[in-house]
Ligand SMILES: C=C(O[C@@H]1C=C(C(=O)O)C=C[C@H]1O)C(=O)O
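Quick heads-up: it's one chain on its own, the form predicted alone, in structure tokens.
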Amino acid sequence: MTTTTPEAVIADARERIDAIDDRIIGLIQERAAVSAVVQQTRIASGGRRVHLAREMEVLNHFSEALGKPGTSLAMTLLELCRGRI
């Protein structure tokens, strides 16, 4: 039977968290790039840079999945991907 120290368990978990964080950052960067294409296409076709109804869909999606903190997370994500309005 292998005994693992609390320190080793914590160190392993932190490595996993760091790897997850790196993946999240990569996904946010990918989302921002896709969002830029949407914004550029919308503007080029005579539309507005921001589509508020779509942003409400995103806010609701995060809120339903993660509760009230999800709304804050979605607001931050929207700001990172489309800039301030």
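Only a predicted model underlies this, so the values are computations on that prediction, with no experimental measurement involved. For every residue, the number given is its place in the sequence shown, counted from 1.
Beyond the structure shown, there is the form predicted together with this ligand, which is absent from this document and is the topic of what follows.
A.B. asks: Determine whether any heavy atom of Ile28 comes within 4.5 Å of a heavy atom of this ligand in the model of the complex, and answer yes or no.
C.D. replies: No, Ile28 is distant from the partner.
A.B. asks: With the cut-off set at 4.5 Å between non-hydrogen atoms, does Asn60 touch this ligand in the model of the complex?
C.D. replies: No - in the model of the complex, heavy atoms of Asn60 and this ligand never come within 4.5 Å of each other.
A.B. asks: Using a 4.5 Å cut-off on any heavy atom, which residues of 28-55 would contact this ligand in the model of the complex?
C.D. replies: Counting only heavy atoms within 4.5 Å of this ligand in the model of the complex, the contacting residues of 28-55 are Arg31, Ser35, Val38, Gln39, Arg42, Arg49, Val50, His51, Arg54, Glu55.
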